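Only one chain comes next, encoded as structure tokens, the form predicted alone.
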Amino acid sequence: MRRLRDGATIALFLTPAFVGLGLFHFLPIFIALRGSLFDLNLLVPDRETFIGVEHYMTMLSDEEFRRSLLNTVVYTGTKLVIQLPLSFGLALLIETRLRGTTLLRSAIFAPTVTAVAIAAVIWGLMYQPQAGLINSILGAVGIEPQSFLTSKDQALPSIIALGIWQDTGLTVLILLGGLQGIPRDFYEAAQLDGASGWQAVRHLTLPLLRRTILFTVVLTTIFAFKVFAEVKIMTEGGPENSTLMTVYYIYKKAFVFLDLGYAFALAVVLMAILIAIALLQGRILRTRFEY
């Protein structure tokens, strides 16, 4: 009887979570899967025509979709290559608890709590070719003004810089939590064995931090694939589609061109790509170390 009562209590507490997951996660996925098989117009959602996998076939010859996917992969890969080592180094620095690290911690975490839209507007002003802060600094050291957001070669790196600036604080926070979870006894034993600081990081910290690193890599990848506000506010995908990202392309198809069925199909493919990448990352970074 007591076991039955405990089970009912657990079910009572879990029900809101399952209802939330069902309504806000699984139901939208089901709607997108179904909608991707129909020809839907946003202005007349009741008038739908079943077309099977036609949207998915169209995607194969959609150059804009391929360009948006390539830009998103470049954006994500660059963020992983730069942001993760940078975050790991900053987390190690904060963990040393030297004088000044409190100020450093505040400086790192402040961008994370800044709204993306506000950050995009501020960075857009800083990138202004004529009166922007960055060009003023470059001019002071004798470098010609740069076009940044109006150049097809510089626009994407400019948006990547904003993304790294804003998201580094979150990855530092996660890695710092992982570092603080490693028992200090391990480091004391390594020190007694004569291990240097670098050897301790390489042979102790990195292997034991692998699960945290995996979580950080997956989270960073998902956030990077969802990039939208920066592109909408700063470039709207231009110039010449050089900053066109997949989520922004889905938005354009749904709300600008009103092709809701095709937007659903794009969203389904994006979800499948993210699941495949997450599984691959989990396989590559899996570890047998436990502590």
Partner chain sequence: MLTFATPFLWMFGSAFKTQGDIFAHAYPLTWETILPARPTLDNFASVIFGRGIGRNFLNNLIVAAAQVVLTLTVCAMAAYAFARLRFPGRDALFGLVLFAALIPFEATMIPLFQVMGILDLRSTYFALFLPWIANPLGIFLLRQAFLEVPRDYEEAAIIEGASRLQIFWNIVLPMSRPALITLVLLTFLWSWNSYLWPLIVMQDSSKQVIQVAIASFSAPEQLPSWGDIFAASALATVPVLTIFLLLQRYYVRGVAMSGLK
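Definition used throughout: the rigid core is the maximal C-alpha set that superposes within 1.5 Å between two forms. Quantities reported herein were computed from a predicted structural model and do not represent experimental measurements. Residue numbers count along the first chain shown, from 1.
Unshown form predicted in complex with its partner chain; subsequent notes refer to it.
Undergrad: Closest heavy atom of Trp123 to its partner chain in the model of the complex, within 4.5 Å or not?
TA: Contact with its partner chain, yes.
Undergrad: Can you tell me if Thr112 lies within 4.5 angstroms of its partner chain in the model of the complex, counting non-hydrogen atoms only?
TA: Contact with its partner chain, yes.
Undergrad: Is Lys232 near its partner chain? Define near as a heavy atom within 4.5 Å, in the model of the complex.
TA: Close contact exists here: in the model of the complex, Lys232 approaches its partner chain to within 4.5 Å, heavy atoms only.
Undergrad: If we define contact as a non-hydrogen atom of the residue within 4.5 angstroms of the partner, is Leu37 a contact of its partner chain in the model of the complex?
TA: Leu37: no contact with its partner chain in the model of the complex.
Undergrad: For the three residues Pro157, Leu206 and Ile213, verify that every one has a non-hydrogen atom within 4.5 Å of its partner chain in the model of the complex; reply yes or no.
TA: Not one of the three qualifies.
Undergrad: To verify the annotation, which of these, Leu98, Val81, Leu192, Ile118, has a non-hydrogen atom within 4.5 Å of its partner chain in the model of the complex?
TA: Among Leu98, Val81, Leu192, Ile118, a heavy atom within 4.5 Å of its partner chain in the model of the complex occurs only for Ile118.
Undergrad: What is the one choice in Ile31, Leu70, Ile51, Met57 with a heavy atom within 4.5 Å of its partner chain in the model of the complex?
TA: Only one listed residue qualifies here, and that residue is Ile31.
Undergrad: Among 147-155, 100-108, 70-78, 181-189, which stretch sits within 4.5 Å of its partner chain in the model of the complex, heavy atoms only?
TA: Every other range fails; the passing one is 100-108.
Undergrad: Can you name the residues of 14-40 that have a non-hydrogen atom within 4.5 angstroms of its partner chain in the model of the complex?
TA: Heavy-atom contacts within 4.5 Å come from Leu14, Pro16, Ala17, Phe18, Gly20, Leu21, Leu23, Phe24, His25, Phe26, Leu27, Pro28, Ile29, Ile31, Ala32.
Undergrad: Taking the rigid core as reference, does Gly142 move its C-alpha 2 Å or further between the shown form and the other one?
TA: The answer is yes, as the C-alpha of Gly142 shifts between the shown form and the other one by 2 Å or more after core alignment.
Undergrad: Compare the position of the CA of Val44 between the shown form and the other one after a rigid core fit and state whether the shift reaches 2 Å.
TA: After core superposition, the displacement of the Val44 C-alpha between the shown form and the other one reaches the 2 Å mark, so yes.
Undergrad: If you line up the core, does Val256 shift 2 angstroms or more at its C-alpha between the shown form and the other one?
TA: Comparing the forms between the shown form and the other one, which are aligned on their rigid core, Val256 does not shift its C-alpha by 2 Å or more.
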